[in-house]
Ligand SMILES: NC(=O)c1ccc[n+]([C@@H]2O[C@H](COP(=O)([O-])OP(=O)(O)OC[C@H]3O[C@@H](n4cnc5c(N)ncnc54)[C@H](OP(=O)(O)O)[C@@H]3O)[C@@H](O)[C@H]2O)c1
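In structure tokens, one chain follows: the form predicted on its own.
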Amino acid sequence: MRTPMSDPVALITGAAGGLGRAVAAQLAQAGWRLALVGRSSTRLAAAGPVDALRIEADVSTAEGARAAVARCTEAFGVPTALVNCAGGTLIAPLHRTAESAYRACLGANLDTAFFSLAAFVEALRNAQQPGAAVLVSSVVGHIGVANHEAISAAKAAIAGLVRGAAATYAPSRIRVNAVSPGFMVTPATQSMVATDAAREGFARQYPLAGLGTVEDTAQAIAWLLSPAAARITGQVLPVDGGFTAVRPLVR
């Protein structure tokens, strides 16, 4: 019989966002204890199950990421799963992207992934424990989409980070993978599909009918962390309705 302290521990960054909340719901249902990380304690208070640990930290820095892992370890023990949902988007052509916006985009997406993963694997190696991490890439890191240069660069770099880290830490029994979602309907993107015409326009780009949801991606993340994916590492799993693999049949 499972006791609360025997449940596995997952650290979720960006936990107050749409995807972070969906991942928290999936993992809580599967019996994980959750440490939810975000930059706003107010937003975190409304995220995840009531018994989750909430950690206010900026994981775009090495110091912030280490502090989050340390706080989780103090409360629950070393986390054996990491999901980096921290991020943001920037839709602008290269010639209209200010340096500050570019650096903020890389900080929110690539730096959070890099430093969170570094702190996570350091804790696991010190404890001599296996574990699994899932980062979040994007279809725009794999196929050219107009006006996405900065976010494309950040998300493509995450795919490289996954492969390198998976190779480095496989001997330590640490798996590193990523998901690569297409467009997802979230609170942040809701305004982009506020009309029927806009929703239909987005949906026509995808071979599978409809638009993706955060729940679709959260289910894939939960599977990658599960024993069912024990032989999978160094992979970027598309959750994109076929966007990067096949062309839709346009009628």
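Quantities reported herein were computed from a predicted structural model and do not represent experimental measurements. Numbers for residues come from their place in the sequence shown, where the first is 1.
The following text describes the form predicted together with this ligand, which does not appear among the structures shown.
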{"query": "Contact check for Pro8, Gly131 and Ala178 against this ligand in the predicted complex, heavy atom at 4.5 Å", "finding": "no"}
{"query": "Single option in Leu211, Ala57, Leu53, Ala220 placed near this ligand in the predicted complex, where near means a heavy atom within 4.5 Å", "finding": "Ala57"}
{"query": "Among 71-79, 163-171, 134-142, 93-101, the region lying within 4.5 Å of this ligand in the predicted complex by heavy atom distance", "finding": "134-142"}
{"query": "Contact of Thr189 with this ligand in the predicted complex (heavy atom, 4.5 Å)", "finding": "yes"}
{"query": "Partner contact for Ser40 in the predicted complex: this ligand, 4.5 angstroms, heavy atom", "finding": "yes"}
{"query": "4.5 Å heavy atom contact, Leu224 to this ligand in the predicted complex", "finding": "no"}
{"query": "This ligand contact in the predicted complex: Leu19, any heavy atom under 4.5 Å", "finding": "yes"}
